[in-house]
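To begin, one chain is listed below as structure tokens, in the form predicted on its own.
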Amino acid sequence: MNKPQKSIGIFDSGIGGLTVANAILNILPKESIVYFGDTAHLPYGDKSPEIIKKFCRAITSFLLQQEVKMIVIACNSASAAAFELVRKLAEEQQVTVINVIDPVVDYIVSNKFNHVGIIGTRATIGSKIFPTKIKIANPAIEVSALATPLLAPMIESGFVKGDISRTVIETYLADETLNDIDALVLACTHYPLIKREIEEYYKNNHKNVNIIATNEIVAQAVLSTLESQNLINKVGNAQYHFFVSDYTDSFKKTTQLFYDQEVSLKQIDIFKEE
């Protein structure tokens, strides 16, 4: 198979990365996808960097065995803890790796925001990777980061609308850490599913805050990278393969929140040496 016709590999700790996969397919509909959701170990946000690296090593090996042409780390926690590890492993097979942090930092800097808020898992926020990278790129930008650990499991459980989710979202956004921001980065690939609720909160409180969902920004980075490497699939015949490390019927139903068509999930054990 010619390299442009090979699949794009995408992985996340669960199914939040399907928001990234969906955004990629919206602008690259001829591309094939191999997706791996590590549902047996979710959420990554509460795991140590060492454990996240261990999981990412196994997933990267699996995706490389599928002969993908690119790997997208569709998880902020994994991007923060294991990007360099994944990049080095993929580099051996001349496969480019895209994370969900660097494209967003570039977007923030290019749009010249003054005060940026970041919400994400404990692992992402604890790594301080967003403030560090933003400050290196533009020291004038003020950055305020807040861990929002209940949001990802809330979304994974299907609570994206109603009183429960509204209360949790409002409690986090009302935190004084996020006072006076002019942009808010949703630094978790689950969070685009509650973007509308976040926008409503700021609208109801008469605050003008730009909500930055990372999935579309990352999709554009994938497009530009594939173009630069002459790896765009122009033939078509796209195929989608979705794998998970733990399967339940309720989990499959939840995927419909993240993907607008029927998703066939196949359980596979790639962690046999744990």
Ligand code: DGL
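Here the structure is a predicted model, which is why all the values come from computation and not from measurement. Residue numbers run from 1 along the displayed sequence.
Just so it is clear, the following notes concern the form predicted together with the ligand, a form of the same protein that is not shown.
Only one segment in the set 88 to 96, 197 to 205, 158 to 166, 119 to 127 has residues whose heavy atoms sit within 4.5 Å of the ligand in the model of the complex; it is 119 to 127.
Between the ligand and the residues 42, 59, 70, 219, the one pair within 4.5 Å by heavy atoms in the model of the complex involves 42. In the model of the complex, no heavy atom of residue 108 sits within 4.5 Å of the ligand. Contact check for residue 152: a non-hydrogen atom falls within 4.5 Å of the ligand in the model of the complex. At a distance threshold of 4.5 angstroms between non-hydrogen atoms, residue 188 is in contact with the ligand in the model of the complex. Residues from 69 to 106 that approach the ligand in the model of the complex with a non-hydrogen atom closer than or equal to 4.5 Å are 75, 76, 77, in the order they occur in the chain.
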